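In the structure tokens that follow, the same protein chain appears in two forms, which are kept apart as structure 1 and structure 2.
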Structure 1
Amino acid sequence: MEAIILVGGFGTRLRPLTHTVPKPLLPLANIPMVERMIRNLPEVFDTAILAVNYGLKDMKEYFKGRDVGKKVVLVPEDEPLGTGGAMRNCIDYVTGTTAVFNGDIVSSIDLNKMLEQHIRTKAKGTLALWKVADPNRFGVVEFKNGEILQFQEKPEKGTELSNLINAGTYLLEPEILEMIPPKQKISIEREIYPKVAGEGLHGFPFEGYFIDAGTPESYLEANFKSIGNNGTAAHTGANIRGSVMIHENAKLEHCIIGPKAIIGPNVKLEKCIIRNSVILSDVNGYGSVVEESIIGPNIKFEEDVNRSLISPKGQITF
């Protein structure tokens, strides 16, 4: 069984970080976002199909010869085909019921349970649904007795049908992929789901957490969630507070790490306090307090920073 992961976006809101690393390869608790998604796929999935556009070269290089627990197929697009066009572009690699993921989502969804429901209800498609207070930035559904009766993508504020949004995780039968015209830019959310709604499109509401890791704030949050139960309890040179993850290669001296901090590989820090922050690989830091910031890869710092994203291509304050 195959899972398509849509990883074509530019990661605009994470610039300048995404000028040097494509978003799917940005780490969450020291493992690239897309690799985490692949590793988290239930056993029934043997293949991950990555619908790639921006960042193809880096992704090819990353996955070449690397064992991530599943077969990985990269399917490139010459031009961005949109969410639907990108899925359709993968059709030759699909053998039946397919899972599709927006590549920027970190969630607590139980895919096995969702698959069990999808099969039991004989749905054409099942969409994971999440409740939010402010739904207009998302796909919004009218949901009744397990079925999605209407789908609206990013509706005007005040016109939303409900508080239930499309959580960017789908199980689809081949007939839905076949509805998408080939070789065209198509949004599945704008052009296909509204048509299938009321005609066998089901919903799978879930609870726990749902994070679209596309902004500096949500990227930090997704990192801290991804620590899970694999946090670091002790590391030479670090006084650890709360939940943190420190890469085994990191060299720390007289540092206070946490609460909530990720320290990447080949990082060297001396006399630093790191809180609510992600320090990416190969960073060198001295004598600083770092709070709510993302730093790296390959950066030197010697000043206190707060709410900043600092990468080799520049810095923003968020």
Structure 2
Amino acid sequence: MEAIILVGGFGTRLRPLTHTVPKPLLPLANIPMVERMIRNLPEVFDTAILAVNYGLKDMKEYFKGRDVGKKVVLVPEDEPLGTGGAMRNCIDYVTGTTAVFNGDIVSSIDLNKMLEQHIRTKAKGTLALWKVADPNRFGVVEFKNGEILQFQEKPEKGTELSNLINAGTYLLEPEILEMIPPKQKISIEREIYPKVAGEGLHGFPFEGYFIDAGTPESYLEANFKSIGNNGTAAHTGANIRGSVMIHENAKLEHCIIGPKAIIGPNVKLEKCIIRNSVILSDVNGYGSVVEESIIGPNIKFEEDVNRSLISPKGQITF
């Protein structure tokens, strides 16, 4: 079976980081976001199809000769095609029921259970659904007896059909993909799914966590969630506090790391305190306190940093 991962976006909300690194290759707990998604696919999925626009050259270079546990096919978009157009662009590589993911989603969804339900209900499509506290900020679905009956965009308070939103993970039969006009910019959420609502479109509510890792704040959250049980217990050059991950070749001297901190490859830090932050590759730091920040790659700092995103292309405060 195949899984399509939509990785065509520009990552504008994470600039300036994405000026130098395409968002799919930004690391989550020191593994590129898209590679982590591929490696987490259930065994039944043997092929990952990457729908790529921005960063195609970097993606080709990264996956060239790299074993990520699945066959990887890159399908380029000459122009951005939207979610639906990107899926339709991959149809030549699809052989049957297909999983589709938004490339910046990090969630606790059990795809095996979702697939079992999809097959059992003989659905045309199954959408993962996530419960939100404030449905007025989102598009919600009317969900009854396992089926999605209609969509409602940012409902006024008191008129909400539910508090369940589209969680960016789908299981689709080929007939859904065939409904999408080829070589056109199409939103599957706005232009295709409403046509199937009440006609075999099912929902799969799940619990746990759901993170759109497309902003600095949510990118930090997704990194810390991705540490899981693989954190660093000790390091000769650092006092470790809480959930932390330190790359094996990072060099630290007289540092306090954590809680919630990730240190990337080829990082050198001396006399630094790093908390609630991600330090990307090839960063050098001295005598600084870093909190709630993303730094790197290839950055040198010798001053305190708070709630900032710093990359070779500049700095923003968030």
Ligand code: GDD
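These numbers were taken from a predicted model, which means no experiment stands behind them. Structure 1 provides the reference sequence; residues are numbered from 1 along it. We call the rigid core the largest set of C-alpha positions that still match within 1.5 Å between the two forms.
In this pair, the copy labelled structure 1 belongs to the form predicted in complex with the named molecule.
Once both forms are fitted on their core, a CA shift of 2 Å or more is seen for E153 between structures 1 and 2.
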